[in-house]
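There is one chain below, alone, in structure tokens, taken in the form predicted alone.
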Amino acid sequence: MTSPSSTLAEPRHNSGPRRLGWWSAAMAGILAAATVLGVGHLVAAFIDPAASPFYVLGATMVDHTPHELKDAAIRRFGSHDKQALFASMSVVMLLGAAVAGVLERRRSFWGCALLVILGGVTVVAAMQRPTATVLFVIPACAGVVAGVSALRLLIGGSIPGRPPVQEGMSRRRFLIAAASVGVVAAGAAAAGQWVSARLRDVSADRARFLLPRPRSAAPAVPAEVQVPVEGITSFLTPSDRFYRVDTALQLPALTSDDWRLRIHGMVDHAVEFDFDRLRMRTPVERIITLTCVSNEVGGDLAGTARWLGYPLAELLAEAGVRPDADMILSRSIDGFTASTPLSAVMDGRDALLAVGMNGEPLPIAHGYPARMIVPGLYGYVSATKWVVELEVTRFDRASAYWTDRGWADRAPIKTASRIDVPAAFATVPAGPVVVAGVAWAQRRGLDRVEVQVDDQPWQPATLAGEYSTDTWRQWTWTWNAEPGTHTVRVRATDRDGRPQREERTPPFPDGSTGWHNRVVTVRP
């Protein structure tokens, strides 16, 4: 009889070469793809962070996403839409990488070929980015070389044609190799972030940025502008709660020393501003409400802040705008463009090149070191962040990022109203119930806000004080609530006598319309 110890001591040999299992091969593909992204990210840190393969693919997805999906993502995730995109991208990449590993297991070099093809697609996408140079091909190429090497390391030793190996050793070798590749991929990605931050330390630059004193400060906010109702949207929106919707998957790394604003096109002469030249002027401070065109009826993609900036009309006057121009094509450092009606900048409203927000330098996510603010227009035609170029032109000669995708080229903000209190599907006691919210009709002002319960007659709400026609207003109404389930609606009418339309329409192509409502249960 053979003892157990002698059984364990006997080496077991395969009758033929062993391959990795399906799951191990899939893991090898995932680690190889991670190496592509990690190494590519590190190399991009020395060239341009926008050339990172992960960001290239993400930006390309954003550019080619139908507006229906874009609106759905913003509706579902709001300012967290980019995290949702990253998550969905990661899932797709994981599946594709797993397929590459399985292919490599079945047929030598098939998985590597798939990585090379995907790398080629990334190179083509990188060269189509608005700020691309010939150097944008390097990160993806370097990443693919590293990824193919990693895949061959993980699977190459266990394919047919290689000498058979002891099963236990093969597993140990794979685990060691897999751990090593994972460390390299993660380390390269982390090093890329570190290098990029050190080469372009925008946070430190912002911390050193000194805001100039305005020649005209924003008037103080009167007490009657803010109503004392718990749960209502505050008149001023804190910077860290201000909505963010843009196409930038990573925040542009633009310091105040590197920033330049070029004004050219249909002007008497092109001019360029840096901060030394800009500080020779004195800014103004204004409180202005911004609204995103993707804001659904009742949505929260609107906010009011105290902005410090230089009047755009004065900057344009220095270049000398030609009389037949009717549009400003603004461009961000990341290539995003917006088409702003020239009349909206030159008609006396507080259109600004903003450098400050709520008493501090612009947050990086909101355009540091400089952005546009044009009251009365949806952000996609007026609020370019990280702005570096203003081309004076005409609507019949040029178009912008979102107008190329079917959105309207002129987009004045529509009259809107929203119920904040009570909350959706709230349960409240019978008796007096405060209904409250915000409404806006920028550049026109509000004439009235009305509230309706079920099919009862519309009742006038009490409007809080008006700060200016460039900001929203709070409103309240006291409802003598009776037990049951009720639908509460709100509508606003501007000073031109135009009420909100009852029919709801989606944001595309020039902003949503419709009455906002809340279903509320009243208990006895």
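Since this is a predicted model, take the numbers as computed values, not measurements. Residue positions are given as counts along the sequence shown, with the first one as 1.
Separately, the form predicted in complex with a small molecule exists; it is not shown, and the next lines address it.
Proximity to the small molecule in the predicted complex, taken as heavy atoms within 4.5 Å, picks out 379 to 387 from the listed stretches 132 to 140, 379 to 387, 175 to 183, 276 to 284.
Put simply, His366 is close to the small molecule in the predicted complex: some heavy atom of it is within 4.5 Å. Using a 4.5 angstroms threshold between heavy atoms, Arg105 stays clear of the small molecule in the predicted complex. Thr291 belongs to the set of residues with a heavy atom inside 4.5 Å of the small molecule in the predicted complex. Heavy atoms of Phe395 never reach within 4.5 Å of the small molecule in the predicted complex, leaving it off the interface.
Proximity to the small molecule in the predicted complex holds for all of Phe242, Asp246 and Arg371, with the criterion being a heavy atom within 4.5 Å.
Distance criterion of 4.5 Å from any heavy atom to the small molecule in the predicted complex singles out Ser332 from the list Thr340, Ser417, Ser332, Gln442. Checked against the small molecule in the predicted complex, the candidates Phe235, Phe209, Trp259, Phe336 yield a single residue with a heavy atom inside 4.5 Å, and that residue is Phe336.
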